[in-house]
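Encoded as C-alpha cells, the following chain is the form predicted on its own, with no partner shown.
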C-alpha cells in the first residue's frame, strides 16, 4: 500500500505550479481583483493547455479520466497561487453532475466541450449543501425554474450553469437562457467569481439519469474536499511568507526570527497545518476508492481545515506585524481566500453538524 503521491502526481503538481508562476504572479492576481474581471481567460487558457478542464472527464469524452485525489492536488496548487480560475465549477462540479446524472446525449453534448475548455460551467448548489437562506431557493415546474440562487460559483460568464432546486433536483441552464439574470456579488475574496442567479420561468434541462441523491452527495463531498485543499494551499504559502519575513526583518538589532516568541508562532502554524495534508489526501482518495467513508472524511477535512487555515492566516499576519495588512505585500489575498473557503458550502459548525447527523449523533 502506498502512503505517498505517485511520481506522476508529483510531476503534475510541479508542472502546474511552474505554469502558474509564469501565468499568474501576484501582479496578475492584483490586476484581476482591481478590474473585477468575471474570468481570467489568460490564466484559464494556460491551465487548459495542461488539460486541467478535462481532469475528471472520461477519456472517451476527451478528458484525462483522473480522480479526486489528482483534483485535490490541483486545488491545493491553485489555492497557493490564489489563482482566479473557474476550476471548481467548470472542472469539478459540472463534470461530476453531468457524468453522474446526465443522459448519454447530455454527456456527449457537454463533456467534450468542458474538457477542451471551449465552454465554461458554473454551479449554483450552495443552498442544497449549506442550508436555505432568507429569500433564496429555486423551484422547478414544467421544465422551468423560478427563484434565486446565492453564491453561485463561476457562473458570471458560464455557457452552462448547474443548478440544484429546493426539491433535490439537478438542472442545466444555458448561460443565455431567457429569464436568467446574473449579478456578480462582492465578497471578501476578490479572486473568486461568485454570483447571484435569478430565475423567472427560465427554461432548464433536467439531469435525471441514475441516482440523483447520490450525485448530490458526491457533489457535496467533492466541494468540501476541494475547498479544503484550496485552504491547504493558501495556508501553506502564508506560513512560507511568514518564515521568510522573519528571516529578513530586523528589530532591536536582531532578526525577528531569532526571537523565541516568533519561532513558536511559526512552529505552531506548521504543526497545525502539516497533518491536514494527509487528511485531505485520504478524503479525496475515498471519493473514488472507499465510497462508504467519502462523506464523513470530506466533512472532517472541510471543518478541520476551516479552523486550522484561519489560525494560520491570523498568525502569519501577526508575524508580519503592520506590513501584514498592506496591499503592497498582498498577504490579504490569501487571508481572504481562506475566509471565503471557510464559509463556502457550509461553515465549520454546519459541516460538523452534518457529520454528526451522518453518524446518528444528531437529528437532521
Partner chain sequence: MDLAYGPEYQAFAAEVEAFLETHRDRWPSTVGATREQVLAWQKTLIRHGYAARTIPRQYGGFGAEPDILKSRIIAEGFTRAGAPGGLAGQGISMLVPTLLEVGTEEQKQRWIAPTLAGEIIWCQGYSEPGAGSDLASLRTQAIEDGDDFLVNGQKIWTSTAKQADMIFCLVRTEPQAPKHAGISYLIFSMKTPGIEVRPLKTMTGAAEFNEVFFTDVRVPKIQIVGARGEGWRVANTTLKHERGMLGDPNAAETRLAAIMAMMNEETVSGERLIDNPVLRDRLMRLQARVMAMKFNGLRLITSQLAGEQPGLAGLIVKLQGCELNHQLAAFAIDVLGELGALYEDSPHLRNHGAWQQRYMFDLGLIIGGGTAQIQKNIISERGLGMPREPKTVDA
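Note that the coordinates shown come from a computational prediction; the quantities given were computed from them, not determined experimentally. Residue numbers count along the first chain shown, from 1.
FYI, the form predicted together with its partner chain isn't displayed, but the following is about it.
Although its partner chain is omitted here, in the predicted bound form all of 247, 272 and 359 have a heavy atom within 4.5 Å of it.
Exactly one listed residue, out of 69, 313, 55, 29, brings a non-hydrogen atom to within 4.5 Å of its partner chain in the predicted bound form: 69.
Listed residues 258, 108, 251, 208 were compared with its partner chain in the predicted bound form; 258 is the one with a heavy atom within 4.5 Å. The stretch that touches its partner chain in the predicted bound form, counting heavy atoms within 4.5 Å, is 239-247, out of 239-247, 176-184, 114-122, 75-83.
By the criterion of a heavy atom within 4.5 Å, residue 306 is excluded from the residues contacting its partner chain in the predicted bound form. With a 4.5 Å cutoff on heavy atoms, residue 355 counts as touching its partner chain in the predicted bound form. The shortest heavy atom separation between residue 349 and its partner chain in the predicted bound form is within 4.5 Å. A residue is said to contact a partner when one of its heavy atoms sits within 4.5 Å of a partner heavy atom; residue 263 meets this definition for its partner chain in the predicted bound form. Of the residues in 293-321, those that come within 4.5 Å of its partner chain in the predicted bound form through at least one heavy atom are, in sequence order, 296, 297, 300, 304, 307.
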